[in-house]
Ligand code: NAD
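Before any questions on binding or motion, here is one chain by itself as C-alpha cells, the form predicted alone.
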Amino acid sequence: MSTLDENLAKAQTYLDGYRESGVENLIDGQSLPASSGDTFETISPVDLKPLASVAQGTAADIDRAAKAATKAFPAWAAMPGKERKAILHRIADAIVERAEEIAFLESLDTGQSIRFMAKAALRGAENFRFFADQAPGARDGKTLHGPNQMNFTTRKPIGPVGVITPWNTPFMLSTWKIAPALAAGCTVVHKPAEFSPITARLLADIAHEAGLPPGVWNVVNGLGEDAGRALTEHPDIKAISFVGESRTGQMIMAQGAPTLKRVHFELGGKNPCIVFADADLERALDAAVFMIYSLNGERCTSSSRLLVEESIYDDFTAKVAARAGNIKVGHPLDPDTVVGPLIHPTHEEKVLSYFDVAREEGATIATGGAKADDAPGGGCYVQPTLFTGARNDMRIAQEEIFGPVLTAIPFKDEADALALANDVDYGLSAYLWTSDVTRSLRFADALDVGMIWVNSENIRHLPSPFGGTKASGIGRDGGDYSFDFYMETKNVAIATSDHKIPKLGG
C-alpha cells in the first residue's frame, strides 16, 4: 500500500493541470471561461490553501449551455438505444482506467478519505454500466387490454434536464444522476457544488473523450444563487434533479414552478439505527459505527440517530464510544485515515456549533466533541463524536448535523422505538437490527422512510428504488424508477371493435 508521501506526490501530479488552467465550464463540447471572466477558488479542506480557480458561471453561461443541450437533444434522443449503450460503456471503461486520478482529486477537493474515494470512482463506473444496459429498452412500455380496446404505452425522453449535485461525494453522485438521463435520451446541463467542482469537470471530459457528442453533456460552475437559480428557472430545461439540503430543495421547487418543471429531490436525513436487545450486537455495532463515521459522516444516509433498547443501552453506547475514540483522524491521502477534514470552514463551523448545543440541552459528550487540532495541515478536522443521554426532542436529535457526530437515545419497547424513529421531519432511510423476523417485517412496514436495511448497513442494489419521504425528498432513483423521471409516458388506445359512439346533433 502506498504511503502518504507517495500519495501526495501522485495527487499533485494529477492536480497540476487544474492549477495551471483552472476549472472551466464545458459547453457544447468546448472548454470555456465564464462569460463574465469571473472566477472563484476551490480550497483544500486539509490546509485551506487554493487548489484551483474555477469559472464563476452566470445566467448567460447557463443560457448558452441550455441552448446547446436543446440543439443536441433531437439527435441524441433519436439515437438507437444500442448506440447510446455503447457510448456509456466506453465512459465506464474510461472511469475504471482513471480511477486512481479520480479518487486522488476527489480526496483533495472534498477531504474524504482515499480508502473510500477509490471505491466511489468504481461505483461511478458501475452506475454507467448498469444504465447503459438499460438504454436499449428505455422506451419500452406495457400492453393494457380494456373492453373493445387495446392500449399500449411507450416512453420518450423528456428533453434537456438540469442536474445539481452536492459536495460530499460529487463524482459518484454525478454518475448516479447523469448516467440514467443519458441512457434515457436526455441531454444535460450539470451545475456542480461550488465547494468541490474538480471531478465534475473531469467526468465530463472523460465522457467526451469516450465519444459523447458535443452539447449532450454541459457543465457550468458557479454559485447556487446565480448559476443554480438560472438553471432552475430556464424555460428550455424540462426537469431538475437535485441532491442537497432540504431548504435548497424548497427554493428550487419555487423557482421551477413558473415553468412547471418536473423535480426530483434527494434531500437531507436524520436516519435512525434501531438496535433491539435480541440483535447480533457485534454486527450491529460494526454497522452503527461504519454508517456514521465513514465518509466523514457527510452523507445523506448516515445513521446519525442511534436508538438502543434500554437493557443494553449503556453497554452498547460504551462500545460505540470506544470504537469512535480509536478512529484515525488524519490527512485524506493517508491510507490509514478513516475521518478526514470536513469540506469547508463554513461547514466545519456548523458541525462544531452542535457541541455547544448538546451541552446546553443536557446531553453527555461520551467521546469527541471538539476540533481535532493535532491533524495535519490545520484544516477542517473534527473529532468523531458520540452524544449520549439524549432525548428525541433535542436539536441534536432532530437537525441534520452532517458530520461524524452520533446521537444515542434509549427506548423502552417496540412501540417506543417506532415512535422515536418516525418523530423527525426527515424520512430518508433507517437501519433495523433484530433477530425477530416477524418484528422486522412489522416494524419496517410502519417506518415512515423511503429505504430500510434490516440487519445490514447501507448496501445499494442498483435496480431498487432510492429516495425518501417527508423532508427527505421527492421521487426515486434506481433501475426503471430513474426512467420514470427522465421520460414521459404516452398511451395509445386502439379500438378493437365497432363500439357504439354517442351521436350528437344528428
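Residue indices: 1-based, along the sequence shown. Because the structure is predicted, anything quoted here is derived from the model rather than measured.
The discussion below concerns the form predicted together with the ligand, not included here.
A.B. asks: Each of Leu173, Phe242 and Met251 having a non-hydrogen atom within 4.5 Å of the ligand in the predicted bound form: is that the case here?
C.D. replies: Per the other structure, all of Leu173, Phe242 and Met251 touch the ligand.
A.B. asks: Residue-level contact is defined here as any heavy atom of the residue lying within 4.5 Å of the ligand in the predicted bound form; does Asp109 satisfy this criterion?
C.D. replies: No, Asp109 stays farther than 4.5 Å from the ligand in the predicted bound form.
A.B. asks: Does the ligand get within 4.5 angstroms of any non-hydrogen atom of Leu267 in the predicted bound form?
C.D. replies: Heavy-atom contact with the ligand at 4.5 Å: present for Leu267.
A.B. asks: Can Asp334 be called a contact residue for the ligand in the predicted bound form at 4.5 Å between heavy atoms?
C.D. replies: Residue-level check for Asp334: no, no contact with the ligand.
A.B. asks: Do Arg229 and the ligand come within 4.5 Å of each other in the predicted bound form, heavy atoms counted?
C.D. replies: Heavy-atom contact with the ligand at 4.5 Å: present for Arg229.
A.B. asks: If contact means any heavy atom within 4.5 Å, which of 400-408, 353-361, 179-187, 312-320 contacts the ligand in the predicted bound form?
C.D. replies: Of the stretches listed, the one contacting the partner is 400-408.
A.B. asks: Using heavy atoms only and a 4.5 Å cut-off, determine which of Ala135, Leu428, Ile396, Ala204 is in contact with the ligand in the predicted bound form.
C.D. replies: By the 4.5 Å heavy-atom cutoff, the listed residue in contact is Leu428.
A.B. asks: Which residue among Ile95, Cys273, Ala193, Ala200 has a heavy atom within 4.5 angstroms of the ligand in the predicted bound form?
C.D. replies: Contact residue from the list: Ala193.
A.B. asks: Sequence order please: the residues of 162-182 with a heavy atom within 4.5 Å of the ligand in the predicted bound form.
C.D. replies: Those in contact are Ile164, Thr165, Pro166, Trp167, Asn168, Leu173.
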